[in-house]
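The chain below stands alone and is given as structure tokens, in the form predicted alone.
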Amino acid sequence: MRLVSTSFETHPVVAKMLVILHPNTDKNSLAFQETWNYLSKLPNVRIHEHSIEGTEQQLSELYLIGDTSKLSFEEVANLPAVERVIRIYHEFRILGRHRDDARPASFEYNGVNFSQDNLHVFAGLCAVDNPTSVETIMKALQANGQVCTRMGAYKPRTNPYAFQGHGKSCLHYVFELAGKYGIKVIAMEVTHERHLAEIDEVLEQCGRPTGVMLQIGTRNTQNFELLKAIGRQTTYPILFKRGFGITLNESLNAAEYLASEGNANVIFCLRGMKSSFGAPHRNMVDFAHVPVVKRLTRMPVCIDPSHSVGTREAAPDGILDVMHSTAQGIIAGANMVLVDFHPQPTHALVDGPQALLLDELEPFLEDIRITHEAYQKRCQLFQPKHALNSLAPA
């Protein structure tokens, strides 16, 4: 799915009304022209157009920005090209979930569907170190039926002398090995617009054997120029990490920068908050916000237990803290897990102490399966009675 955005606004203003046109509306048609002429002549109102080009149809959304309080909801809804009208109730208007908003909370990329209703695991290397480690991880993922991974080529670090990632030099073997082992999507952080160009160039040279999900790290959550640049491209979906020291609302607004530039294929990642109250974990685990983000937005929600917990400590029950935290996020409805694994954590170039071992991959995935099944049973428990009856076997 490719997104295209054309903006008619000169500065950010909260929209109050979303006008959704009939699918595949031709902009040269009389219906569109009549609708556009009416809306464009409204006083003190500007139009932000957002188009979604799918494989089978094109959808157009018109955001009316300004004073819409005096507009007739029914009159706008009855315009010839309009399918329905939705009132906007908060400032992240494209990614937000608004009242009576039936737009899908999902997207598809490289044959993989990402949704608020399913779950994917991205297990892999926090930082790529060598081809052997990459191949070992990908081979293990394939053996366990996984088609997604994480592979860090560009690594922003607190210490300027710490390892910053191999960058472009490792991309060829990462992409080629992904193709060899059936990996369809690689989550990979980018910290500069040129990294996007490098990824695109090397993928093309390799014949695009895999796909890439561009990751915005917690340090760049409010790097608005980077967000605009990544949002303007419509080839790759985006994994957006919550800022480690800002409010949830501030992070959701930052994610809206991506969609406002044209790319609404965004997954929101909770990765813990920096706070002394989180000790002895690396961060204060914030996975209780999974249902909150799903309620406020249409974004699938990811959890990053590795960077939230940051250790391999285990409880008296023998279960690692990182696994307990993963289960907490999944039981709350998480749609994606981003987690560090390494064949030899003591030799990892980044975050080795928190990486899980390869012989822990199978039980980790089984624990996720059990927990996700429990979440699905919880959903059935709280469905209306008529919905439960429809779920009963015939």
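Please read these numbers as outputs of a predicted model, since none were measured by experiment. One rule holds for the numbers: they count along the sequence shown, beginning at 1.
The same protein has a further form, the form predicted in complex with ligand PEP, not shown here; the description that follows concerns it.
Contact with ligand PEP in the predicted complex, defined as a heavy atom within 4.5 Å, is made by all three of Gln215, Arg219 and Asp304. Though the partner is left out of this view, Val290 does not reach within 4.5 Å of ligand PEP in the predicted complex, counting heavy atoms only. In the predicted complex, at least one heavy atom of Leu338 sits within 4.5 Å of ligand PEP. Ligand PEP in the predicted complex comes within 4.5 Å of a heavy atom belonging to Cys126. Of the heavy atoms in Glu261, none are within 4.5 Å of ligand PEP in the predicted complex. Stretch-level contact check against ligand PEP in the predicted complex with heavy atoms at 4.5 Å: of 165 to 173, 290 to 298, 147 to 155, 313 to 321, the positive one is 147 to 155.
This chain is displayed alone, yet in the predicted complex one of Arg93, His195, His120, Lys241 has a heavy atom within 4.5 Å of ligand PEP; that residue is Lys241. Residue Arg271 is the sole member of 260 to 293 found to place a heavy atom within 4.5 Å of ligand PEP in the predicted complex.
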